[in-house]
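Shown below, as C-alpha cells, is a lone chain in the form predicted alone; questions about how it binds or moves come after it.
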Amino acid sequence: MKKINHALVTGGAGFIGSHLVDELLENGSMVTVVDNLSTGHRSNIDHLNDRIQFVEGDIRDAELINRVVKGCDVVFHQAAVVSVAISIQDPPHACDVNDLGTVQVLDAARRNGVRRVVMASSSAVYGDDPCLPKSEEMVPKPLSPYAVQKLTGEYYASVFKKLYGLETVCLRYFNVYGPRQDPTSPYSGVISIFMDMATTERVPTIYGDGGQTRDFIYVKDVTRANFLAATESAASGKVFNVGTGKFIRIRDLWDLIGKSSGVSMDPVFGPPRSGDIRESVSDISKIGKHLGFQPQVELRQGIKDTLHWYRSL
C-alpha cells in the first residue's frame, strides 16, 4: 500500500468529494480541492479551511487544472454533472463537463507526473440489462447521455494508461447516500429526497410503481473504496463496482425511512422517468478480491446516521 502525499480532489466541495477530503486528511495527506461550486457547497468543507488548499474553478479550464495538479501524486476525479435527468435535458452541457472536463484532468495528470488518477464512474453504464447482479465483465448498455459520458471517461482512462503509462482506476458507484447530500438539488439521490420529505412531513412522489431495486452504499464506505483504489498496487488499470451487493425496492425504502423518522404516510406515484433503470444490484466480488474491500455500514444504520444529520440542520 502506497502513501498519498498530496492529493487533488476535483469536486471536493460536493457530497462525496468532501467526505473523501475528510478521509485523506485522516490518513495524513495534503489535500487540494478544486470545485466551481455549481453543486458543491463551501459549507461541506468549512470545517477544514485551515487544513486544505481550496481553489474555486472549473475542470474545463486547462490552465487552472495544470496549475493545481502540480506536486500531486494522486488525483481523485469526482467533479461531474451527475444527474441523468439533466444530461437528458441538456446533453451538450453534460458532455462538455463530463467528457472534456475528464480529458483535461487526465491530460494535466500525465503532463505533471501524477502517479494515479482515481475516477468516479457509475453503475448507470450497465443500463437495463436484466442480468443480476451487475458485474464488471458485462457489456455496457447505457440508456442516458450521463451513462455514455461515464463510460467514455472509463475508455479515456484506459487509453491514457496504455499511451502514457498513467495509472488509472475507475469506480462504478451504485447509489451513494449519507450526510451532506443536498435534498434540494436536482442532482440528489432518492434517500436524501425521502429524508427531506420525512423530516418535513411531506408526501413523497415515487416515479413508476416503486418496485425498482437499488443498491445503496453509505458515503464513508465509498471514500474507503477510493482510498484503497489509490493506494493498492493491484488496482491500477482496473474498473470496480462500488456497492453492497444488496438491494431494496424504492417503495420499501420509503417505508424504512418513514419508520426510522416516526412518519407514516403513503406515497403518491407518478409516471416512470426517462432513462430510469428498473433493476440494479452490484457484484462486488472483484473489488473484494483485489482490494479487500467490504462495505461496513448496513442500510438501517446508515439511514439512522443520515437522519440524525438532517435533523441537525
Ligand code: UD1
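When you see a residue number, it is the position in the sequence shown, counting from 1. What you see is a predicted model, and the numbers here were worked out from it, not measured in a lab.
The next section is about a form of this same protein that is not shown, the form predicted together with the ligand.
Have a look at Leu132, Leu143, Cys95, Ile206 for me and say which one sits with a heavy atom within 4.5 Å of the ligand in the predicted complex. It is Ile206.
Scan Ala157, Ala108, Ala235, Ala124 and let me know which has any heavy atom within 4.5 Å of the ligand in the predicted complex. Residue within 4.5 Å of the partner: Ala124.
Candidate site Gln212, Arg273 and Asp276: all three near the ligand in the predicted complex by heavy atom within 4.5 Å: Yes, the whole trio is in contact, each within 4.5 Å by some heavy atom.
Stretch in contact, per heavy atom within 4.5 angstroms of the ligand in the predicted complex, of 133 to 141, 166 to 174, 67 to 75, 109 to 117: Result of the contact check: 166 to 174.
Proximity of Leu100 to the ligand in the predicted complex, heavy atoms at 4.5 Å: Looking in the predicted complex, residue contacts with the ligand do not include Leu100, since no heavy atom lies within 4.5 Å.
May I ask you to state whether Phe194 is within 4.5 Å of the ligand in the predicted complex, using heavy atom distances? Yes - in the predicted complex, heavy atoms of Phe194 and the ligand come within 4.5 Å of each other.
Find out whether any non-hydrogen atom of Leu228 is located within 4.5 angstroms of the ligand in the predicted complex, and reply yes or no. Leu228 lies outside the contact set for the ligand.
How about Pro179: is it within 4.5 Å of the ligand in the predicted complex, going by heavy atoms? Residue-level check for Pro179: no, no contact with the ligand.
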